[in-house]
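Given as structure tokens, the chain that follows is alone and in the form predicted on its own.
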Amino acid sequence: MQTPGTHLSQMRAAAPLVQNITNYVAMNVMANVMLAAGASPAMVHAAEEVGEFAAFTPALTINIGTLSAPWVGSMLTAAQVMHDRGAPWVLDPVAAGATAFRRETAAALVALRPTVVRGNASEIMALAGLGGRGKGADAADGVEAAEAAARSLAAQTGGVVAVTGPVDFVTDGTRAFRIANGDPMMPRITALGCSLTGVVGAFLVGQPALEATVAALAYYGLAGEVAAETAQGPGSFSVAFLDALHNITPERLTAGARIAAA
């Protein structure tokens, strides 16, 4: 496995264009986060162009946070294109178990075999058919409770599943890693979790999915740790976090990443 810093360096060298079908709450935050990291975000979801754009974008991310029927159609179109191309795409199943509409949409997207599914423990458990006690978009289950669900879901999709929380768990169904980077302030900032999905998408371009996802999560968590060193609260944390994403070097990431095989 390459060092996390090597994956960061390769992502920045590629500066990949990533198509994001995300929610209204996250768009601006996600775009700024991805730019700070070194990627090129495109928020493209209109039915009239979503499939055409997906035909040439190096990576796609889909977030079901603010669903509507037209958006679901666009999500399925774009995911189908990526599936047919064999190109990487990431599913963020926000509150996947909360309503029948979300359960049906998430199941249809999972059937298109995302390269990575990234969610909290409750979302991953819901996708795997193992319950999940989510509170809207927030988890009510611990990461460890979702590890078996993550392995099962990875076997189903043939991809990678990342369960994010205080200590992240990432698996391809066979290998698994835990990433202990992060700061308790991060869940208090709107759309930071959604934005992480975009960063994972950027890391996937031209890189092996499991290792790239692990590196992306370590990088993101380390940026939270760096931001917390100077932040006085959620507002200043947001600014410091963007600066940290921009300023963290590959060498610092390799030195600061807390990754362990699981």
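Start at 1 and count along the sequence shown; that's the residue number. Quantities reported herein were computed from a predicted structural model and do not represent experimental measurements.
One more form of this protein exists, namely the form predicted together with a further copy of the same chain; it is left out here, but the text below deals with it.
Residue contact with a further copy of the same chain in the predicted bound form: residue 207 places no heavy atom within 4.5 Å of it.
Using a 4.5 angstroms threshold between heavy atoms, residue 246 counts as touching a further copy of the same chain in the predicted bound form.
Using a 4.5 angstroms limit between non-hydrogen atoms, residue 173 is distant from a further copy of the same chain in the predicted bound form. Put simply, residue 48 is close to a further copy of the same chain in the predicted bound form: some heavy atom of it is within 4.5 Å. Listed stretches are 179-187, 75-83, 162-170, 107-115; the contact stretch with a further copy of the same chain in the predicted bound form is 179-187, by a heavy atom cutoff of 4.5 Å. With contact defined as any non-hydrogen atom lying within 4.5 angstroms of a further copy of the same chain in the predicted bound form, the contacting residues in 7-36 are 17, 24, 25, 27, 28, 29, 31, 32, 35, 36, given in sequence order.
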